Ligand code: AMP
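A lone chain, given as structure tokens: the form predicted alone.
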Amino acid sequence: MDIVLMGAPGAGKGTQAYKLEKTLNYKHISTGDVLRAEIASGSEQGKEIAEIINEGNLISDEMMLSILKKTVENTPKPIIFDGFPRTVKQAEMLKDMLAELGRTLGKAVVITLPEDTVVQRLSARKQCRLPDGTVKQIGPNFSLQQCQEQEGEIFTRPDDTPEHVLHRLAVYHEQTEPIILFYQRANLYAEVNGDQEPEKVFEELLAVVKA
């Protein structure tokens, strides 16, 4: 069964999704990765997406779902959805799409984290821009030493300043709380405490997904 993984910025969704993917043989689908892949493909839709993003706009729910559907159709493994849905409308669209494709959503899991911890984590977060333009997150899967060895440039994202983080949190809460209610009503909702060591978070997450 597929799962939706949610959480505030800095909650560790990417790290935990990577571990779940390897441990349970799931497919981690990040909306950001899907969009970048579509743009890189050079397709007409990819060109349209690039133009929308370059103008500073958001792509429509319908376009996002269309791109996701292509990926889901070609994925026989159970899926971890990361970054979608972000609104109740998207949650309803995802439900309909999965039903159309004969798939089932088993859980919607939120990794919870206190706001002050989110601000602290993101303000300290570093990224590495490699000479070929690739950007990697400094963390468990790519170390500061690896960045230096590959002659990468270490930087902090502009939206990781405390002021920007607080704004992102406000948007997250505004969008996510209705989704939580949506999944609670469907008896699919679960929480995992993200304010502990990553290994402990993963243990709890794994238990929830397997339950």
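Counting begins at 1, following the sequence as shown. Rigid core here is just the name for the largest C-alpha set that superposes within 1.5 Å across the two forms. No experiment lies behind these values; they were computed from the predicted model shown.
Beyond the structure shown, there is the form predicted in complex with the ligand, which is absent from this document and is the topic of what follows.
Enquirer: Of the options Lys107, Arg86, Arg121, Arg129, which one has a non-hydrogen atom that comes within 4.5 Å of the ligand in the model of the complex?
Expert: Of Lys107, Arg86, Arg121, Arg129, the residue with a heavy atom within 4.5 Å of the ligand in the model of the complex is Arg86.
Enquirer: Can you pick out, from Leu58, Leu144, Ala186, Ala37, the residue that has a heavy atom within 4.5 Å of the ligand in the model of the complex?
Expert: Contact with the ligand in the model of the complex is made by Leu58 alone.
Enquirer: Kindly indicate whether Val72, Met93 and Gly102 are, all three, within 4.5 angstroms of the ligand in the model of the complex, using heavy atoms.
Expert: Result no, not one residue of the spot touches the ligand.
Enquirer: Report yes if any heavy atom of Ile67 sits within 4.5 Å of a heavy atom of the ligand in the model of the complex; otherwise report no.
Expert: So Ile67 does not count as contacting the ligand.
Enquirer: Would Arg157 count as a contact of the ligand in the model of the complex, using a 4.5 angstroms cut-off between non-hydrogen atoms?
Expert: Taking the distances in the model of the complex, the answer for Arg157 is yes, it comes within 4.5 Å of the ligand.
Enquirer: Test of understanding: in the model of the complex, would Lys27 fall inside 4.5 Å of the ligand by heavy atoms?
Expert: Flag for Lys27 set to no.
Enquirer: Examine Thr31 and determine whether its closest non-hydrogen atom to the ligand in the model of the complex is within 4.5 angstroms.
Expert: Although the ligand is absent here, Thr31 would touch it in the model of the complex, with heavy atoms inside 4.5 Å.
Enquirer: After superposition on the rigid core, does the Cα atom of Gln127 shift by at least 2 Å between this form and the one not shown?
Expert: Yes, because once the rigid core is superposed, the C-alpha of Gln127 moves 2 Å or more between this form and the one not shown.
Enquirer: Once you line up the core, how about Ile49: does its CA shift reach 2 Å between this form and the one not shown?
Expert: Passes the 2 Å threshold, so yes.
Enquirer: Honestly, after the rigid core fit, is Ala186 moving at least 2 Å at Cα between this form and the one not shown?
Expert: The answer is no, as the C-alpha of Ala186 shifts between this form and the one not shown by less than 2 Å after core alignment.
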